[in-house]
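A lone chain, given as structure tokens: the form predicted alone.
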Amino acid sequence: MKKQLLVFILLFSFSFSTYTIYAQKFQNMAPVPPMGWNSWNRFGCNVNEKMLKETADMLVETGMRDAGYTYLVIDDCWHGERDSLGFIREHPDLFPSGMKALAEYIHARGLKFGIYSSAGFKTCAGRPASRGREYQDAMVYASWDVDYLKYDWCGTEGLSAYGAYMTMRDALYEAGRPVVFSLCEWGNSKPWLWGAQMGHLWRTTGDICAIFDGFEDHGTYKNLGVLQILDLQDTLRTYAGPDGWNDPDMLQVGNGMTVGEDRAHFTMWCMLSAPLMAGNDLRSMSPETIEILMNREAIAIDRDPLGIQGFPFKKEGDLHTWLKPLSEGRWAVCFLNRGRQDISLSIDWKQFTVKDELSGQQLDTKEHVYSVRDIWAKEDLGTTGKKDFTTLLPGHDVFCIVLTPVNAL
């Protein structure tokens, strides 16, 4: 009996040690927030091979790839049926060349290929999902050369989010192909507390809609507007950083809001160090949409190597001021007009004195001079050593600047 017990203990210890080898995510996959394009916000279930190839081409032709938008992610509804052994297959009519060939097309253009599933039996659109098939699906994704997995939370009755995402994390790791793992759990189980163990980004709220202030009511659930999602972020900054990011959902830029609202939406996501996943039709973008998505100075705020999420510094009615510490002692300062009426914005350059305990960075415009850069006008505004600055801030828009230290007073 003692001998049998010893054998059991040895086997258990070996199994546990083997498990711990695989119980990890792929490391250093997202040192800065991932950027790319996802099909859902604009196309929903209307996905097919032709549209995705055209989108890949546009990511290159517009310069978006070179600006950082490298992931092309197919969201829900690409699925066909499982084969006789239970392996998932693409829908043969929508993807006649197959996912492997589509991945090759995307990779040949210097892009990375992303795909979608859910932790339940069915996806949110009712397609076959991964519950009970995690290791099979991970093997298929690896064989298709997938680089990114968005993993949703529909059809998950009775499941623990922590356990379900751990299972898929381990399956991806064992399949052997490095993958950025995007946890789309909607914030129900506070994934910011444990998400960094499982993946590289985690949704903090329900789905976004193309409304700046408000929501879409679908009866059993609501899609949230930009401001509604923003208001749920400012207590989560301690949990985000290199290789693990709070995800306030994908971008709605170019999907029906005003230019000012799109600009404010994009800027605030950059202030949050959020993943930037475009979701519009790249084949028919307006010049204004291109200008917003391609603003490299805004993108540099989002992807600053310090990796610190911004925070609200002051709230005065509809005027909210956000700060974000950047590398090399710089700071991003964003004035957000949440209301519809224009605001006469008068900036006292000496008002910014703050020590950010999270980053250890200090902004002190009383003791130091900073150069001032308007990231949307793309012009220098002098220094904080000059007199107050006044401008008109339109409703549902932003005025965003970067302060760079010059010298001590």
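Note that residue numbering follows the sequence shown and begins at 1. None of the values given here were measured: they were computed from a predicted structure.
Below, we turn to the form predicted together with alpha-D-galactopyranose (GLA), even though it does not appear here.
- alpha-D-galactopyranose (GLA) in the model of the complex comes within 4.5 Å of a heavy atom belonging to A125.
- Contact check for F335: every heavy atom lies farther than 4.5 Å from alpha-D-galactopyranose (GLA) in the model of the complex.
- Contact between M168 and alpha-D-galactopyranose (GLA) in the model of the complex is not found at the 4.5 Å heavy atom cutoff.
- alpha-D-galactopyranose (GLA) in the model of the complex comes within 4.5 Å of a heavy atom belonging to D76.
- Heavy atoms of no residue among M29, Y148 and M198 are located within 4.5 Å of alpha-D-galactopyranose (GLA) in the model of the complex.
- Contact with alpha-D-galactopyranose (GLA) in the model of the complex, defined as a heavy atom within 4.5 Å, holds for exactly one of F311, Y239, W186, F95, namely W186.
- The contact with alpha-D-galactopyranose (GLA) in the model of the complex, taken as any heavy atom within 4.5 Å, belongs to D207 out of E90, D243, D281, D207.
- Between 281 to 289, 138 to 146, 210 to 218, 178 to 186, the stretch whose residues reach within 4.5 angstroms of alpha-D-galactopyranose (GLA) in the model of the complex through a non-hydrogen atom is 178 to 186.
- Residue Y116 is the only one in 97 to 117 with at least one heavy atom within 4.5 Å of alpha-D-galactopyranose (GLA) in the model of the complex.
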